[in-house]
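One chain comes next, on its own, written out as structure tokens in the form predicted on its own.
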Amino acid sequence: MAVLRPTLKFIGASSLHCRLHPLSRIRSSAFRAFATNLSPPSKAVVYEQQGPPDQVTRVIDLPPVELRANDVCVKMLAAPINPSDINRIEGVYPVRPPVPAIGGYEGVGEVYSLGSGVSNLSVGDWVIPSPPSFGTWQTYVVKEETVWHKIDKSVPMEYAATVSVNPLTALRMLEDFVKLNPGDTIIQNGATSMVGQCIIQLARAQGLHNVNIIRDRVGSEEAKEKLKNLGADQIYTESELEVKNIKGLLGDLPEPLLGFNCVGGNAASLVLKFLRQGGTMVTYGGMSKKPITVSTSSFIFKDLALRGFWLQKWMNSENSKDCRRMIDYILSLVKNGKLKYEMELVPFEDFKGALDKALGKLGSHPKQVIKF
């Protein structure tokens, strides 16, 4: 994975702008005559220390970057604010860039200029960093050609910006843990999340039934209707599952073989209660910040399996070579109207407001996607 070269290692307590980039230290006219292939100046969301994102991030100006032979300068078009982005800034994510750093991990951009040795991309191409790469919350990004994956420009910009994390997580979890056949049932909590919305549609495309759990909140009936329109078979709030015979709610559906948990706490316990003998629950998040509790009888008599999934680890494995093929497949579903999810495009100038929404400070909002 390429290292972001508007390098932030020069940030200090003083002269932030001048020290942000090594080129700014060389000001001779001879050098300027030599370094003719430069990126435009850029604006970026940076943080110099880990902490609350709304307190430690700020938007600053970055000077131009020299393009080496194999470099590509990309004008960013859009990039989302994901929970993992927030966790990296907070300093609680297992893998994070050293501070000071530029935020963002995925996004889409348009090729602006090329180094002399670049042969597989052209100015005007749409590209995404694949696998995702740190530093997408800026207007211009310079990375090596191998980082960038060319995509179909007819795909809506906001979907191209968000394809590499949540939809790919949904696809891999459906395929990597249990052999599922058409007619099988899966169950999940956090169904209104972007991953949850993708799981519903990808499961339906594979002929799988899906049972979905959402939290009790104002507007839960509206949320249910939206999930039904995506292809959800059954949707329950957590309080609606406070019954003794929870599996009686399945009706004619087979007991779920596979479950997904991104919440933890009681919501995870509800997924486990639905699972059939020998079922598996995969945990990929913990939004409630509460532990998963499993009864002894569930392990002994139901032989349940608990697994975890971390996309970044999967991308660092030998399977990552298939990442770009899977991204193209997901984007083809989007293009054909078979995959959609809620997002809110926000101008880069309104980054602070988008961040507040992503942090949950302003109630429940769709995925925030910054438009540059």
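Between two forms, the rigid core is defined as the largest C-alpha subset superposing within 1.5 Å. Everything numeric here is computed off the predicted structure, so don't read it as measured data. The numbering used is simple: start at 1 and walk along the sequence shown.
Same protein, other form: the form predicted together with a further copy of the same chain, not shown, and the subject of what follows.
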Give a yes/no on whether P98 approaches a further copy of the same chain to within 4.5 Å in the model of the complex, heavy atoms considered.
-> no
Does G337 make contact with a further copy of the same chain in the model of the complex, using a 4.5 Å heavy atom cut-off?
-> no
Contact test in the model of the complex: N120 vs a further copy of the same chain, heavy atoms, 4.5 Å | no
Could you tell me if N229 has a non-hydrogen atom within 4.5 Å of a further copy of the same chain in the model of the complex?
-> no
Which residue among F134, W126, Y140, Y284 has a heavy atom within 4.5 angstroms of a further copy of the same chain in the model of the complex?
-> Y284
Checking A69, V59, L38, L306 against a further copy of the same chain in the model of the complex, the residue with a non-hydrogen atom inside 4.5 angstroms turns out to be L306
Location of a further copy of the same chain contact in the model of the complex, chosen stretch of 325-333, 50-58, 343-351, 306-314 [non-hydrogen atom, 4.5 Å] = 306-314
In sequence order, the residues of 283-301 that place a heavy atom within 4.5 Å of a further copy of the same chain in the model of the complex are T283, Y284, G285, G286, K290, P291, I292, T293, V294, S295, T296, F299, I300, F301
Core-aligned C-alpha movement of P131 between the shown form and the other one, 2 Å or more | no
With both forms fitted on the core, give yes or no for whether the Cα of T146 moves by 2 angstroms or more between the shown form and the other one.
-> no
Once the core is aligned, please say if the CA of G264 is shifted by at least 2 angstroms between the shown form and the other one.
-> yes
